[in-house]
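Only one chain is included here, represented as structure tokens and corresponding to the form predicted on its own.
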């Protein structure tokens, strides 16, 4: 068999794979398809203009060395940019460009012109019949950086947010994904970035939307046959903020449309900000191609605030509301409510309300009553250690056996149940659960959770295990 585009490219890939990180290889080289080989010129197909630019900027030397090894000094590389057929029924868009380090043409503008069927663009935020294309940002000005207090638990996310606000689309934090548990300030920070950008760059179009509302709008556009207008509308945004992006999980149509909108914005230097209750590695039922894009920028975690930060948050809240409260009471509340900021502020609001409605002075006793109610209403935090102990006791084995490497079926099932309950009842990441239950990786935990779900549906005895154990944790 003679030399073909495929054989040349496979040899190049083998060389490239040895010289770069596995993640970079997966992201930037696996999606490339060799197209043809003619006159020492190898044509490779890449999925977007952004992809081509990235390869030229970061990997052109590596490509040159690999290709020269295969085809000699006169080797040439030609990129074929093939956009997917997203917009109606037109043919996929392709354009060929010689690689810039061959003295050929360098980057050209290759955006696909999107012709809307209706010349008047439909804004999904506007009630039909009202002609208004001004895009309201949907931001809440009360959520700003002034009242988003910095502490160890949020320093990285807050600093990255500030950097994005100063230079939207111009930092390597694109997309910026802010993730963390309930009530830790993800939505607040996302709004704060948007509010700051509007303040600094009034001419930029900023839009905040929850993933749930985005999905509803998309479904509506499919019903009304206005999908192109929907895509076109979102491609006009300069700064797109999508809250609770984990809501897209399992919704393949919405993920697909978001993928194309994201690519268009990213390629055109627009800023994307996302929030999620979990890190990309822990997201289930989100397509791999989307997850890889979430990892392009920065994923910054918001963690539970430490004691000092909790004190600052409470003092700031009291100051903003013009209320004075003795230090020992502020300290008592901060010491006993550790779960999240929403509950912390809720407790202090409740205290202020109690004292003003009942004309009572705020005493330590009153603070104890309020805090007790909040702590009682918060689901008891269950630790991974506690889960392992309960599961081991239930199956009459010790924790060391549960964590061991053995593949005996009943021990494997016990271990999988422990992982399943750790995911269900704790806020720990999959990686953290795995490392605590026998030093396994996050993929093992993911597999365990899926296995438990499957067995719960098909195995009566196993379902009883789950029911019995669930009672012990509730």
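Numbering follows the first chain given and starts at 1. Because the structure is a prediction, the values reported are computed rather than measured.
This protein has a second form, the form predicted in complex with ligand ADP, left out of what is shown; the following refers to that one.
> Would residue 182 count as a contact of ligand ADP in the predicted complex, using a 4.5 angstroms cut-off between non-hydrogen atoms?
Replying inline: Residue 182: yes, in contact with ligand ADP in the predicted complex.
>> Is it the case that residue 218, even though its partner is missing from this view, gets within 4.5 Å of ligand ADP in the predicted complex, heavy atoms only?
In response: Judged by the heavy-atom cut-off of 4.5 Å, residue 218 is well away from ligand ADP in the predicted complex.
>> Does any part of residue 147 reach within 4.5 Å of ligand ADP in the predicted complex? Heavy atoms only, please.
In response: Looking in the predicted complex, residue contacts with ligand ADP include residue 147, since a heavy atom lies within 4.5 Å.
> Would residue 154 count as touching ligand ADP in the predicted complex under a 4.5 Å heavy atom rule?
Replying inline: Yes, residue 154 lies within 4.5 Å of ligand ADP in the predicted complex.
> Of 199-207, 284-292, 227-235, 340-348, which is the one stretch near ligand ADP in the predicted complex, taking non-hydrogen atoms within 4.5 angstroms as near?
Replying inline: Contact-bearing stretch, as computed: 340-348.
> 259, 332, 143, 247: which sits within 4.5 Å of ligand ADP in the predicted complex by any heavy atom?
Replying inline: Of the candidates 259, 332, 143, 247, 143 is the one lying within 4.5 Å of ligand ADP in the predicted complex.
> Which of these residues, 187, 166, 174, 354, gets a heavy atom within 4.5 Å of ligand ADP in the predicted complex?
Replying inline: After the contact test, the surviving option is 187.
> From first to last in sequence, which residues of 297-321 have any non-hydrogen atom within 4.5 angstroms of ligand ADP in the predicted complex?
Replying inline: Heavy-atom contacts within 4.5 Å come from 313 alone.
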